[in-house]
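Quick heads-up: it's one chain on its own, the form predicted alone, in structure tokens.
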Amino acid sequence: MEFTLSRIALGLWRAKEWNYNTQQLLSLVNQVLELGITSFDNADIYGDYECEALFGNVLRESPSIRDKMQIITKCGIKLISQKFPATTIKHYDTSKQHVIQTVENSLKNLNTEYIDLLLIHRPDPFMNADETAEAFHELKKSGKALHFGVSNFFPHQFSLLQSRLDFPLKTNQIKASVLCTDHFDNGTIDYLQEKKVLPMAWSPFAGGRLFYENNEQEVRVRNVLFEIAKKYNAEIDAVAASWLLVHPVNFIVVLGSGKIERIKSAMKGLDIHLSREDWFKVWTASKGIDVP
């Protein structure tokens, strides 16, 4: 099956905090589908292991929308939770048994027969790449997961897992924003562009710090975004989204808001094509120094 994601994805990390009932969440999902957002990003641990089931209730209420979307979920982290009292310390588990069992649980919670894209949530220093790859191969063969990727991996970690697979990893979901440029400097984005892997950018507005916090970097960047926003007749969230979207690595931007007006505003970033100079104005503001 052909792999495709929308350039903007809806992240469900905080879906429990939105306090939406099933009908309200369904309404949001239908509205973002109408906007062209077809990719929905989840993880087994979100909301203390409850967010997948919240989304599953939506699919139970309206099964016909399943074919209109791509569901992304993640595995590999074990939290300390009353739901799993045997876990005594937060840790990572990318063993074959855990990966497969997590997917089985996710399928039930999400009320779906397959996951479009399964990600390893964090690099596991105890990962047996052969074993993790074996889990991926079995899940792909069974049709329970169609495509695979990683999250928060550095290039050498991505390359290790890829070396054990006979199909390509499709994404690396990384933290990236106008306030967080680490992966531009550490080789991750260069590596992904080299391999033609589309990264997903989580926390594209720095968890809201872009709008509300007032340290030196945030003030500098916000002032430049306001300046550029006037030029493009847009809000600063659209400019911040565009800063990622116009980059040649072809970011997929994961929005974490449950407010449709905020989503609509950020989506206008798809229609803004920042000039190279405007892109570097933001870069320079974020770094606090001119380029060499």
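Everything numeric in this text was worked out from a predicted model, so none of it was measured. Quick note: we count residues from 1 along the sequence shown, nothing fancier.
The form predicted together with a further copy of the same chain is left out here; the points below concern that form.
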Given a further copy of the same chain in the predicted bound form, answer whether the residues 104, 141 and 268 all have a heavy atom inside 4.5 Å of it. no
Picking from 246, 65, 35, 28, the single residue whose non-hydrogen atoms come within 4.5 angstroms of a further copy of the same chain in the predicted bound form is 246
Answer key: of 165, 180, 198, 127, within 4.5 Å of a further copy of the same chain in the predicted bound form (heavy atoms) is 127
Check: Does a further copy of the same chain come within 4.5 Å of any heavy atom of residue 83 in the predicted bound form?
Finding: no
Subject >> Partner contact for residue 284 in the predicted bound form: a further copy of the same chain, 4.5 angstroms, heavy atom >> reply: yes
Given that the partner is absent here, does residue 114 sit within 4.5 Å of a further copy of the same chain in the predicted bound form, heavy atoms only? no
| said: Using a 4.5 angstroms cut-off on non-hydrogen atoms, would residue 193 count as touching a further copy of the same chain in the predicted bound form? | reply: yes
Assert contact_stretch over 172-180, 106-114, 215-223, 127-135 against a further copy of the same chain in the predicted bound form, heavy atom within 4.5 Å, equals 127-135
Checked 143-168 against a further copy of the same chain in the predicted bound form; residues with a heavy atom within 4.5 Å, sequence order, are 156, 157, 159, 160, 163, 164
